[in-house]
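A single chain, nothing else alongside it, follows as structure tokens in the form predicted alone.
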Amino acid sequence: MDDQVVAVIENKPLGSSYGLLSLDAARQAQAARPGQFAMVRILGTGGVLLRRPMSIYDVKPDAAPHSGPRLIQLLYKVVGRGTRLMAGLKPGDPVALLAPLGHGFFVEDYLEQAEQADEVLHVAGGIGIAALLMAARELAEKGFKQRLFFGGRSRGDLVGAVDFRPYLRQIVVVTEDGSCGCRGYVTGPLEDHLARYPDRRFLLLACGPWAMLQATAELAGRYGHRLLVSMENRMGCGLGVCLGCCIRVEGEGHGAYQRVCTEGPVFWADKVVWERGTLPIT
């Protein structure tokens, strides 16, 4: 974890509501692992007190030959004042970046389950896609077969899918309005796939809204597959101090709560108490 003021290298619009922010943050990029996140503060503006938690979408080298990771990329959706300010950033603008944070999709946690699986299935809802790219690349480098189920409200919400193509055998897209792929929720074709291959073993990795994660957990439990979920919640500090991002898990007393920012954001789905939702990130 490192707290730095870093410079914007590029802020690429991806349609009307999304963007990809590239930051010059070599130390943080080199330390980042799949599924971790950053706390971002836009400098020089008033009215936004807290940092914004953002999944680390990717890390990239700079233009120098054989250089290591230098750029941290954040995929964002404009939903409130903080992300509107983020969309207005220009190359050279300073950003306060606390990263990398959290316990992400660490392959040593699920390598045994991946090795026993016939296929790894990624399940993403909207901006939840941001948490999965680095995990897909790491699994591809280890030779695992993978497939992505990606859902959004409309075609414009399916950002980032093209970046997954080198690592997957198939991308299944779903939109609620039917503007791209099949119409409905992402859990529809996911269930079709699980039901079509009852003798296969799958490992699922998922990130998206609470309702999507809960439905995915129900499917994984019904068909007997393990599922890792990347949880979203409001955060004050990102360091486990404020306790504002706690979710219910199996246990008693203090052990019945864990912090999304430190014990998570990635949890085994069968340990989460799904009856109680949390507020989404804004």
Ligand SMILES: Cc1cc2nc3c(=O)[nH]c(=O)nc-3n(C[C@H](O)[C@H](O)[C@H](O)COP(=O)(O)OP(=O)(O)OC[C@H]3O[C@@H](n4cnc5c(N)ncnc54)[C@H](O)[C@@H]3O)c2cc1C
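All residue numbers refer to positions in the sequence shown, first residue = 1. Remember, predicted model here, so these are calculated numbers, not experimental data.
Below, we refer to the form predicted in complex with this ligand, which is not included among the displayed structures.
- Interface residue remark: residue 81 is counted as part of the site for this ligand in the predicted complex, having a heavy atom within 4.5 Å.
- At a distance threshold of 4.5 angstroms between non-hydrogen atoms, residue 193 is out of contact with this ligand in the predicted complex.
- Looking at residue 130, you'd find a heavy atom of it within 4.5 angstroms of this ligand in the predicted complex.
- The shortest heavy atom separation between residue 32 and this ligand in the predicted complex exceeds 4.5 Å.
- Stretch 73-81 is the contacting one of 87-95, 73-81, 140-148, 155-163, since its residues have non-hydrogen atoms within 4.5 Å of this ligand in the predicted complex.
- With the partner omitted from this view, the residue of 222, 234, 27, 60 that lies near this ligand in the predicted complex is 234 [heavy atom within 4.5 Å].
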